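Just one chain follows, in the form predicted on its own, and it is written as C-alpha cells.
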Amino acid sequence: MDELIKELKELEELVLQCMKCGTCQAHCPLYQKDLLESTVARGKISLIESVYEGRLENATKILKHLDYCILCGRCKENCPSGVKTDEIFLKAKAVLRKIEKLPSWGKAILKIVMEKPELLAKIAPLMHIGMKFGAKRVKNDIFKPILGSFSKRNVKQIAKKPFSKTHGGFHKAQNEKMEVYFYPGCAANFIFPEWGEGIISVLNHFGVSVYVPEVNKCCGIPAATLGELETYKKMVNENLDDINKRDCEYVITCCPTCQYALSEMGPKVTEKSPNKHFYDILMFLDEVLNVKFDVNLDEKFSLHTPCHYLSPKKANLKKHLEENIQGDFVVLENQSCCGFGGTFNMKKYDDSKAVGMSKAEEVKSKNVKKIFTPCPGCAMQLTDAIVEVGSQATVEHPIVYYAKELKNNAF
C-alpha cells in the first residue's frame, strides 16, 4: 500500500494546479445530472489528495468515484488553471487498479479486442448473423437485443465483414499527388464501414492515395479508461510503429477519440510520438485539400460536436457543415456531451443514456431529421437515444454524402 500511495503522490505536481474554483461543475455532464461533488473533477482531485496525504486510509474507496467519469475532457478544456484532469484520472486509476483488479468481463473484452484483432475480425460475420436472430429490428439497420444487459439498447447492426478485411491495403489514386495513412478505428471497422468507404472514395477523387492497415489494432483507449495503462501503452506503441514506418505525411482519422488516444494522450504515456500529422477527415478536406462540396438536403439537419474533437477545431466543424451542406440547419441549444464515453456506456449504461436523452428530446421536439457527427461513438449513443424517444432522425457522417455527391456527378 505504501508503494501505491507513493505513486499517487507522484501526481501531486499536476494535482496542485487545481485551485478548487469549481468551474468544472458547469461543464461536467454527470455533475449536471447528479449535483454531487464526488462526480465533478474538483471532488475527484480532492479524493486523490486525501489518500496520499493520509486522510483516507482505504484508497480503493475512491476508485468507484474516479471510474464514474465519461472522460469527455470538458473539465480540462474549460479549466482556468489548465489542470490536466484526463492525465490525472487515467494515471490514478492505473495505480488503484493494482489493488482492485478488473472484473472478468473487462478482462475478457480487453483480451479479445486488444490482443486478438484477427480473431475479432473472424467472428464479426457471426455476430452480424447472430444479431438478426438474437435481436428485434426496430428501424432499418438498428436492433434491440432480446436478452441480457443489452436488451435496453438500440444498437447498430454489425457489418457483414470488417472494413479492414474488405479494404485493407493500398488504394492508389489516379494523378496521385500525395499518400495518406487512414486509421479506421474499431467502430468504423465493425459498425460504420461506409464511413471508411466514403473516405477512400473522396480522397482518391482528389488525387490522394490511401493506405488502410489490413489488421485494425485498437487505439487502446478502452484499456486506459479501465485503468489498464500497460495494455494501453502496448496498443499505442504497436499502432505508432506501424504508422511511423509508412512513407507519408498525414494520418487520417474518423474518430476523435482514436486521434486523442494515439496523437495526444499516447505520446504522454509512451514517450513515443507519431512522425506524421494527424487530421480528422473533415478538417483535412478543408485545410489541406481546400475542397468544397454542394450537398443539398430537403430536411432539417443539425450537428453534434464530439467532446474529443480538438478544441481549436470545434468552431470549424460548424463552419465546415454550413459551407458544404445546404438546407435547413438547426443549431441545438443542448451542446453537451452525448454521454457515451466508450467503456463508461458499458459500465454505467443508465447514467450514460440519461445524458444523451436530453439531446434526443430536443432533436425530436425541433423535428430535426438528420444529425451529423464525425464520431462513431457519438453516432451509436445518439442513435440509441433518438430511437428511444421516438424520433425519426438518423445520425450520419458528412463524408457519406460527399462520396454520394461525387458519384452522382461523375460522368
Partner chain sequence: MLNNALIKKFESILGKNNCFTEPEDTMCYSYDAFSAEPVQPDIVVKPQNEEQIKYIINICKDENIPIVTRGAGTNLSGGTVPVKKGCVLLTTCLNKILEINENDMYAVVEAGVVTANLANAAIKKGLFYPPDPGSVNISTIGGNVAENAGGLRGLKYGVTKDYLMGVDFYDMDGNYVKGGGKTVKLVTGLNLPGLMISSEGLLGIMTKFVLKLIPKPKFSKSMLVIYDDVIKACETVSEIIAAKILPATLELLDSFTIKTVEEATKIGLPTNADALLLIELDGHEAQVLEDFEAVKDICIKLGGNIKVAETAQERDKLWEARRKALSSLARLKPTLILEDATVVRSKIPEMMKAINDIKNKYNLVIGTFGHAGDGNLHPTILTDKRDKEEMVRVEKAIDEIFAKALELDGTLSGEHGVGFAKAKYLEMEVGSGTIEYMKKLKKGVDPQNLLNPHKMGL
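What you see is a predicted model; the values in this text were computed from it and never measured. Residue numbers count along the first chain shown, from 1.
The following text describes the form predicted in complex with its partner chain, which does not appear among the structures shown.
S.K.: Of the options 67, 361, 37, 351, which one has a non-hydrogen atom that comes within 4.5 Å of its partner chain in the predicted complex?
M.R.: Of 67, 361, 37, 351, the residue with a heavy atom within 4.5 Å of its partner chain in the predicted complex is 37.
S.K.: Only one of 130, 327, 80, 148 has a non-hydrogen atom within 4.5 angstroms of its partner chain in the predicted complex; which is it?
M.R.: Among 130, 327, 80, 148, a heavy atom within 4.5 Å of its partner chain in the predicted complex occurs only for 80.
S.K.: Just one of 342-350, 362-370, 378-386, 47-55 has residues with a heavy atom within 4.5 Å of its partner chain in the predicted complex, so point it out.
M.R.: Contact criterion met by 47-55 only.
S.K.: Check for me: heavy atom within 4.5 Å of its partner chain in the predicted complex, for each of 16, 23 and 31, yes or no.
M.R.: Judged in the predicted complex, 16, 23 and 31 all sit within 4.5 Å of its partner chain.
S.K.: May I ask you to state whether residue 271 is within 4.5 Å of its partner chain in the predicted complex, using heavy atom distances?
M.R.: Residue 271 lies outside the contact set for its partner chain.
S.K.: Can you tell me if residue 355 lies within 4.5 angstroms of its partner chain in the predicted complex, counting non-hydrogen atoms only?
M.R.: Residue-level check for residue 355: no, no contact with its partner chain.
S.K.: Is it the case that residue 12, even though its partner is missing from this view, gets within 4.5 Å of its partner chain in the predicted complex, heavy atoms only?
M.R.: Contact check for residue 12: yes, within 4.5 Å of its partner chain in the predicted complex.
S.K.: Even though its partner chain is not shown here, does residue 323 get within 4.5 Å of it in the predicted complex, heavy atoms only?
M.R.: The answer is no: residue 323 has no heavy atom within 4.5 Å of its partner chain.
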